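Take a look at this single chain in C-alpha cells; it is the form predicted on its own.
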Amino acid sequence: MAFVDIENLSYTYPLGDAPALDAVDLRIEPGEFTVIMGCDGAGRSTLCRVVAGLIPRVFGGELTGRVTIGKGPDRVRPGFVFDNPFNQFSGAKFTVAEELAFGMENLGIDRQTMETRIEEVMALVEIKGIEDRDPSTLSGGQAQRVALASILVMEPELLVLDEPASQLDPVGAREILKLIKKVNLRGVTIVMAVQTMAHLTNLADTIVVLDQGKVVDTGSPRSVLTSRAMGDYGVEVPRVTTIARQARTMGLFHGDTLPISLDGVEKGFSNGSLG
C-alpha cells in the first residue's frame, strides 16, 4: 500500500453544481515530492485539502471514495501550509517564538521539547534571530518561512502545501521551494499544489495534472512537461522546452528528449549552444 492511497475519490462542495474532484485515483510513496498542477478550477487546492483532512471536515460537501494515509495502524497527522502565510498565524500570539509554540501547546507537548524543536526548526528554515518579532510585521518571505516552521515543529510525516510561493517574488519563491526540498530530503512526504513549475523541475519527483477534477496525466517532470497535451490543460511548459521543440522542427535540436531545464541543454543543439 502507498503512503497516500486515494481510490475513486469524488467530491462536490456544498451548493456545487459539478464535482470539484471526479473519480480521482492517486498513490504517493513515502518520501515522495509530488506536485499537483492544472489550470484554475482544475481541483488543485481541493485535492490538497482532501489529503490534509480538511475535506469534508472543515468545508462540508459530499465526499465519496477512499483516502488512506500512512502504513500500518499508526495514524498520520498531515501538516498543511496555506498559500497566504498570514492566514496560517493564530492571531493570538505576539512573537514568532510564541507562534511556533502554539500548535505544540494544543498537542500538550512539554516545554523543554517545544524549546528544542523551535530552535532546531528556526535553524532549518533560516529564521534565527527573528523569534521576538511580531508575526504581523514580517516580510512575505519571512512570513512564509514562519508559517512553514509552525507546521514543521509538530514533526509531520506528510506536508501538504497549497501554492506556497504564490505570494512571493521570483527570488523568494526559489528560496522557499529549495527549503521545502530540504524538508523533503529529511524524509517528509510532500504534496504541493502549484500553478507553474518554475524552480521545481529539478526538485519534484512526480507531477499530477488535473483537468476539471480528473487526473489526466501523472509521471516524472520530464515525461509530463514534454507532453504536447499539457497546453490543452493550462499547464505552463518551461520556456526551454518550447524553444527546443520549435528548434527540433527547424532541424536545430537533435537531443533524444526535450529538456525541461537548462542543465545540459546545449548538447541537443547542432551548434552546441542556445545562441
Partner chain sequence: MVPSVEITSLSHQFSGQTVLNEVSLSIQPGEAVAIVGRNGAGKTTLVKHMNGLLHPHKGRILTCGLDTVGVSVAVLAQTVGFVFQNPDDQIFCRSVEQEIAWGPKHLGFPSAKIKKNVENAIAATGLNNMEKVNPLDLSLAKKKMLCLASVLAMDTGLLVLDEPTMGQDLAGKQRITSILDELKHQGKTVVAVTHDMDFCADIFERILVLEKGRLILDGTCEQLFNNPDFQTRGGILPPQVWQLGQKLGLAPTPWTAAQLLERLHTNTPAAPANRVEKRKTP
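Positions refer to the first chain, counted from 1. This one's a predicted model, so the numbers in the text were calculated from it and none came from an experiment.
The same protein also exists as the form predicted in complex with the partner chain; that form is not shown, yet it is the one meant from here on.
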| Does each of Phe80, Pro164 and Thr206 have at least one heavy atom within 4.5 Å of the partner chain in the predicted bound form? | no
| said: At 4.5 Å between heavy atoms, is Asp25 in contact with the partner chain in the predicted bound form? | reply: no
| task | Give a yes or no for Val240: in the predicted bound form, does one of its heavy atoms lie within 4.5 Å of a heavy atom belonging to the partner chain? | result | yes
| Any of the heavy atoms of Val58 lying within 4.5 Å of the partner chain in the predicted bound form? | no
| Taking heavy atoms and a 4.5 Å cut-off, does Val171 contact the partner chain in the predicted bound form? | yes
| Single option in Asn106, Asn202, Thr113, Asn87 placed near the partner chain in the predicted bound form, where near means a heavy atom within 4.5 Å | Asn87
| request: Could you check which residue among Asp217, Glu32, Asp211, Glu236 gets a heavy atom within 4.5 Å of the partner chain in the predicted bound form? | output: Glu236
| query | In terms of non-hydrogen atoms within 4.5 angstroms, which of the given stretches 150-158, 192-200, 95-103, 117-125 touches the partner chain in the predicted bound form? | reply | 192-200
| What residues, if any, in 35-61 have a non-hydrogen atom within 4.5 angstroms of the partner chain in the predicted bound form? | Cys39, Asp40
